[in-house]
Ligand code: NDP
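To begin, one chain is listed below as C-alpha cells, in the form predicted on its own.
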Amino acid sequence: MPKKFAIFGNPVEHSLSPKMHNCAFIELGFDGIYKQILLEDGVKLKDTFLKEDLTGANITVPHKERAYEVSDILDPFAKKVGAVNTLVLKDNKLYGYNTDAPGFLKSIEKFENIKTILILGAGGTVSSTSDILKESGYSVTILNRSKERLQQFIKSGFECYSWEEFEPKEYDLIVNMTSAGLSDNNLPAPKDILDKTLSTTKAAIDIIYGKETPFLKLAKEYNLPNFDGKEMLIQQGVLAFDYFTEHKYDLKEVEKIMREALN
C-alpha cells in the first residue's frame, strides 16, 4: 500500500503541491501518493488527517495556526514561531514542522542589496518568515489591516503598523503574505498606501502563485522586478518532502524534479 499524503487548505484547488510531490515520488521510486483536501473547518484538521490514513500533510491558508495546536511534538523552530505547515505521523504522534520560513529565505537569495522588507499581513506565514528574516539580518516591518493581530509581533520587537497609523517610507522589498488576490481581485492594502511604497521599492513578491494577482499587476505598473510564490513553493516543498520520506533522498535532486514538474 502506498503511503498517503495531502495538502489541507481553503481554497486548495489551485495547489501545485500534488504535482510536485507525486512527480518526485515517481522519479525517486517512493511508494507514495499525494492529493488535495479542501478543509473548511480547521477544527476538523486532526480528525480528517487520521480518517484519511495519512502519513504526512502540508497545511496552507488558513489552517497553519490550527496545525500548530494539533501537533503532539513541535520542531523547535515551529514551536518558536507558532505556525506549522508540515505534519508527519510517527509512532502515533503528530510531528509539526515549519518549512515556509526557510523556503522563503532561500527564495529571496536571488536579490542583491535587500536590507529592509515590508511584509503585508499578519497570519501564520508571516509569523514564521518574519522571525527567520530577522535572524538572518534583515530589517522587517509588518503592516496589517488591524492592530489586534500585530500584538505578537510587537512583543517580538518588530516595527508594526495598522493601515490607519502607517506612514509609508522606503523599503527594499515589499511582500504580500495575505490571501488577497488568491480567490478574489482584492489588493492586500489600500491602494494609496501601495502606490506610495511601490513607487520607492526595488522589488515586489506575492507568495500566491500561479496567477497574476492585483498586487503583482500594480507592481508591474511601477516597472518593478516582481515574482509570485512559485520559488517559495518549491523550496518549502523540498524540505517537506525530506520530512515525509525520512531524509532518504538528495535534496538537490528533489528540487530538480519539483522544478521540472512545475515547468
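Computed from a predicted structure; not experimentally measured. Numbering starts at 1 and follows the sequence shown.
Just so it is clear, the following notes concern the form predicted in complex with this ligand, a form of the same protein that is not shown.
| query | Within a 4.5 Å heavy atom cut-off, is S136 in contact with this ligand in the predicted bound form? | reply | No, S136 sits far enough from this ligand in the predicted bound form that none of its heavy atoms falls within 4.5 Å.
| said: Against this ligand in the predicted bound form, would G123 count as a contact residue? Criterion: heavy atoms within 4.5 Å. | reply: Yes - in the predicted bound form, heavy atoms of G123 and this ligand come within 4.5 Å of each other.
| Looking in the predicted bound form, any heavy atom of L182 within 4.5 Å of this ligand? | L182: yes, in contact with this ligand in the predicted bound form.
| Applying a 4.5 Å heavy atom distance criterion, does K64 contact this ligand in the predicted bound form? | Yes, contact at 4.5 Å.
| Counting only non-hydrogen atoms, which stretch in 68 to 76, 146 to 154, 108 to 116, 164 to 172 is within 4.5 Å of this ligand in the predicted bound form? | Single hit among the candidates: 146 to 154.
| message | Between L194, I208, L54, V238, only one gets a heavy atom within 4.5 angstroms of this ligand in the predicted bound form; which residue is that? | response | Of the candidates L194, I208, L54, V238, I208 is the one lying within 4.5 Å of this ligand in the predicted bound form.
| Hey, with this ligand in the predicted bound form, do M177, P188 and L233 all fall inside the 4.5 Å heavy atom range? | Yes, because M177, P188 and L233 each have a heavy atom that approaches this ligand to within 4.5 Å in the predicted bound form.
| Sequence-ordered list of residues in 216 to 230 near this ligand in the predicted bound form, where near means a heavy atom within 4.5 Å | Stretch hits: a single one, G229.
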